[in-house]
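Presented as structure tokens, the chain that follows is alone, the form predicted alone.
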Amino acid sequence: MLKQQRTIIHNVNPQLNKGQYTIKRVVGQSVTITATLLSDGHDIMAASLNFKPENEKNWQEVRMNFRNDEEIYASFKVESQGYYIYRIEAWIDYALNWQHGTGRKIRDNQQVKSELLEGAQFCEAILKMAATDEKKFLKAVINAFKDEKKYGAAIEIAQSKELYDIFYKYPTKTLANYSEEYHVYVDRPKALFSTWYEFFPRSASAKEGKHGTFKDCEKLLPRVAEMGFDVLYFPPIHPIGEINRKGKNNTAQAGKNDVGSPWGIGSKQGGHDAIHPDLGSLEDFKRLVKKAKDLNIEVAMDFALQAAPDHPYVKAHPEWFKWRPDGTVQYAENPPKKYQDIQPFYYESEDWKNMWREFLRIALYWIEETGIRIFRVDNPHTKPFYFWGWFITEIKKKYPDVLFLAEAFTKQPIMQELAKQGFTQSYTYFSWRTSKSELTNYVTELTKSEMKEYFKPNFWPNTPDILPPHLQIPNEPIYMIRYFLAATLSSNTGIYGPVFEYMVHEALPEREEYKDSEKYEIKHWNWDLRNKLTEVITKINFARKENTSLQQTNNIVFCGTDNEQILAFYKFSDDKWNQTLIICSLDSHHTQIGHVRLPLEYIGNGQVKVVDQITGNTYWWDKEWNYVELHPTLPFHLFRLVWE
């Protein structure tokens, strides 16, 4: 391909897979773009960063700066949801090149009469673009450059900063070259900062042994709000299959009164667009969603693409499932786990297009009928990547504010691919990272590698499926430590609520699963109970709301300590207005003593007041290394840095 341009644009970052996927931001954030700019010879190069919302016609522009002879950078702010496009425009700046070369000749006492005439042409080329006062100046310059009697004044003007500034402001961009176009997807702020609370609606009743309802859930909304949570997540609320229904502790045979797993979706009472009749009506659910919104809580639905054996789809669309040669259906498995109550969809079905459209219809039904804007998606890694790319894109076309949390505890490249395909947030390996090195290395990978451009982690200490070994003891400090770390390392966090609050810790033998799991039975919780852990969680949540440095994940710097049982890190908001220092003991049994290094290269030297956002205690630190003592009774500090 023939090109007359002289500039070459390389290494545009950030970008994903040569632009195959989009990077991500939320409304109000900045996007910083870097690239390498090359040209033949020694002429002056220049570049602009062009950007615009996808649906707008005109590009906005910001000039790029040079870090060195070749590396350029610039930033732009995204101010609306949806897609933005960005590209780099580069050119040889002939006017500035003329000024630079002419100035050297003048300083060498060379005659530059011909060069001045050339300079007059550059001035004439930008006259139409200039403002009124600038036009007046340019006309005077042209006159001086053409009048040999004004040679002395002309050579002074030729080297002036005033002329440089006008040439810089109005580049002619002769033979401009362009990079490829890249995209950034912009979500609403909750994509970056959210605090989730999960409970089973059927366990919401105040009366033991009674199936909970949405009306019971309404009564719990003030409690969820008072604790500082802003997302209330429910496991599936659909009818539960009766064929192959699971009993307590996932036994293959259900008893007469066993309620089954909510993830065994579908029965004669309906499928994915129906509500379990014992929970209430559609109107009850819509009212619950509205009342939650009044308390600044969003209800998140579970989106689980799987079916119980008696789901209406099985009869209506048998081709959507995989049938074995003996006529039986292939149920879900994750050896050694067996899910006889669940039939996975067969994505290689010849009728796959209609199946995909039906799944889209289901999601749009709940969005449009109830106002739901957040989905926690069950096991997305067991469905085709390209399905999710299509599905999420189709929903975002109509409803760009819908958010998706990927429940995918699997290989890192698979979790990354799901995020690239459009998932807003993802569960992570945090549940199993406990040592100082494990936590530091994992968070560094999330925040300093390419993952920071598209992967938004959501740190959960526990889930209905995960009871990690360190939580299999009734030890209050370790529960405080794990929630504190989850809520300060990541701006998105959540807990499987009452089970975590009340330190339910009994596990199945040699398993990381709850004994007598709520997935298979109705539980009765004392929702009026308050304990120290509940109070600490509340204080942490409100500290997150009051400190913008904790409402993002990537601006983090780990601090030196002289004790491997003490983890410390510094976080700051994009504008540096809010800065916090987080110090946490990793030992839930013993007092830990040590020194923490202040990151002076980020905060500067001098005395700083550190105000504990949990206790209110204040200290003055004026040294690089400062003494800390952490007790299991409250094994952390959440300091806000204040200069007076």
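This structure is a prediction, so every number in the text was calculated from the model and none was measured. Heads up: residue numbers just count along the shown sequence, starting at 1.
As for the form predicted together with another copy of the chain, it is not shown, yet the points below apply to it.
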Quiz item: Does another copy of the chain get within 4.5 angstroms of any non-hydrogen atom of residue 513 in the model of the complex?
Solution: no
Self-check item: Contact label in the model of the complex: residue 600 to another copy of the chain, heavy atom within 4.5 Å
Solution: no
Quiz item: Looking in the model of the complex, any heavy atom of residue 328 within 4.5 Å of another copy of the chain?
Solution: yes
Self-check item: residue 531, heavy atom within 4.5 angstroms of another copy of the chain in the model of the complex
Solution: no
Exercise. Choose from 575-583, 52-60, 605-613, 65-73 the stretch whose residues reach within 4.5 Å of another copy of the chain in the model of the complex, heavy atoms counted.
Key: 65-73
Practice problem: For the three residues 105, 352 and 385, verify that every one has a non-hydrogen atom within 4.5 Å of another copy of the chain in the model of the complex; reply yes or no. | Solution: yes
Quiz item: Which of 128, 149, 315, 324 has a heavy atom within 4.5 Å of another copy of the chain in the model of the complex?
Solution: 324
Self-check item: Heavy atom within 4.5 Å of another copy of the chain in the model of the complex - residue from 368, 546, 564, 180
Solution: 180
Practice problem: May I ask you to list the residues of 4-38 that have any heavy atom within 4.5 angstroms of another copy of the chain in the model of the complex, in sequence order? | Solution: 4, 5, 6, 7, 8, 10, 11, 15, 17, 18, 20, 21, 38
